[in-house]
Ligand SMILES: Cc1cc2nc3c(=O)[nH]c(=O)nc-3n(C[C@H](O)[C@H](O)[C@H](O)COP(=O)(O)OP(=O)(O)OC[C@H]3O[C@@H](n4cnc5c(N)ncnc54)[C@H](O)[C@@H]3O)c2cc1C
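Form predicted on its own, single chain, as structure tokens, below.
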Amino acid sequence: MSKFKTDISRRDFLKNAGTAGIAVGAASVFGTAVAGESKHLEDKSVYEKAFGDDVQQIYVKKGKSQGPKGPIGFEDRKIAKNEITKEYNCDIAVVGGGMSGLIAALKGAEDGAKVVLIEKMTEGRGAFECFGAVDSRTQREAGIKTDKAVLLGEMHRSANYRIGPDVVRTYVEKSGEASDFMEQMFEKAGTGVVIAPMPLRPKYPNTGAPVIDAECMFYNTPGLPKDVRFRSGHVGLYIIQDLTKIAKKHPNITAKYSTPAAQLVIDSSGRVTGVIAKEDGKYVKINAKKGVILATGGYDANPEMMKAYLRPEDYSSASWWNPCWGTTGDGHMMGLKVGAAMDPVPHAVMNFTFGSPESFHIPAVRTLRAMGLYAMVNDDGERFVREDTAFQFISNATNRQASFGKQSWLLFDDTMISKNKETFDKAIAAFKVLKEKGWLFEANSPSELEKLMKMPKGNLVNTVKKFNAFKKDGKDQDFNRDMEFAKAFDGNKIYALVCNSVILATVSGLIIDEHGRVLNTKGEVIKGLYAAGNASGDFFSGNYPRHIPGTSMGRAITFGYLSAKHAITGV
């Protein structure tokens, strides 16, 4: 187990945690000069107090989070014994009913543990379609051999070497075993879910990263509705529903939904022995002899945590693609309150390009031929990124623009729309709605378009001229884009579609070891406490590496499985 660096102090958190419950509406103080330390701390939200007074502040311009506000379960105050109306006893308590929580509950139950699973929402979150794995049964049978060293090297490089070696190495070594367990659960229950290797293109268009064959998918599952196939995130809803049914039928699992966890219970030795939750509006205590597994996801539905732990440019002008508002960071905060260490700030976010001001543009963008022929320009009509790089890099470049990327544009002409007449006609029809919303502009020439969009005179015209010259020469002199996959602007109509960054999840969390055990700021195990999925950390830094296949879901499956496997030992 390796040591690590962190910004969080247990002592400071406990010292400064308030007594009046969560401060969801408290103002951010980043960038604010306040005289006197006590006054400074009083003005902080509970999320900022987690840093305590032993902290080096980094001053940044305030951002304004427009994201969803989900229901928060965590409570900062001490819940008295006489407020507890009921107690449950089990071996393992799992907090969260998404992928990592369900896998943890099933693994514990299959190994003979009595498990209580609680989920704040009416169902667990399931926004995925694939997952990362190495050496799973289906991959072995397909003859796929992942180069583990290349995968590990790229995971470290993508995190700028700001993560430890243990957790990612364990993922690479154990994700196949965890995938096989999940497959066995589907087979045992006869759900019909099919896991298959994800076909990957032999070459990414010049992302600068290797193509790593380490991803599996659910697309071959019979009976999936037609409209969810190949739509990002939609398949996962059905997979979670199936896993939930399996868990609810398991004789060793008691599953409770609409039951938010409020705080952890620790004994005099510092061991986590249970969790306090709210059932039907009343506090209940779940005593867990062998461990509590936090599987509560990220905090993308908690604007105050977003402001406390992320770069302002990552959320200020972004849209959200969030099918469940239960991800409010309850697990992060419960862990911090008992002394857990957390990933240093700024935390990593899973962001994509192709965002509309409301969510994803994907249906509209897919009408564009090959989804890569276009150029991207800012509000001045100038290119700012190589358009063929990985989604997260485009998103970062978008956020770097003025107004944190509020006005970036995807530029294309009518020759870049599908050649299929039916699809072309559907695209043109869909454009009408986009124009009415002010998201799409159409003109007969670049000069007409820049005038219509009030861009500086000549900028867009020059951008198109340069782009066409790069295509002709086969060399992008500005960003080194692979021009083989680009097309010159030579159509009769030219369009500009607003293209923001869009957030799916936060992916930083509590520091864990190779067994999923949560560590404190000294690198010591907090006995009885585990974290998995997006509640856990030491896996990503800076961004979610979208170009490495399925690591977020792969991590959720792997450490849900491993944490339960270790918890049952009671060590």
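Given the structure is predicted, the values throughout are model-derived calculations rather than measurements. Numbering starts at 1 and runs along the sequence shown.
Same protein, other form: the form predicted together with the named molecule, not shown, and the subject of what follows.
(request) Determine which one of 141-149, 324-332, 402-410, 470-478 lies within 4.5 Å of the named molecule in the model of the complex, judging by heavy atom distances; exactly one does. (result) Of the options given, it is 324-332.
(request) Have a look at 286, 106, 496, 261 for me and say which one sits with a heavy atom within 4.5 Å of the named molecule in the model of the complex. (result) In short, 261.
(message) Can you pick out, from 394, 127, 375, 113, the residue that has a heavy atom within 4.5 Å of the named molecule in the model of the complex?
(response) It is 127.
(message) Does any part of residue 292 reach within 4.5 Å of the named molecule in the model of the complex? Heavy atoms only, please.
(response) Residue 292 lies outside the contact set for the named molecule.
(message) Whether residue 556 contacts the named molecule in the model of the complex should be assessed with a 4.5 Å heavy atom distance threshold; does it?
(response) Yes, residue 556 lies within 4.5 Å of the named molecule in the model of the complex.
(message) Can you tell me if residue 518 lies within 4.5 angstroms of the named molecule in the model of the complex, counting non-hydrogen atoms only?
(response) No - in the model of the complex, heavy atoms of residue 518 and the named molecule never come within 4.5 Å of each other.
(message) Under a 4.5 Å heavy atom criterion, is residue 99 part of the interface with the named molecule in the model of the complex?
(response) Yes, residue 99 is a contact residue.
(message) Within 4.5 Å of the named molecule in the model of the complex, counting any non-hydrogen atom, which residues from 537-555 show up?
(response) Counting only heavy atoms within 4.5 Å of the named molecule in the model of the complex, the contacting residues of 537-555 are 544, 550, 551, 552, 553.
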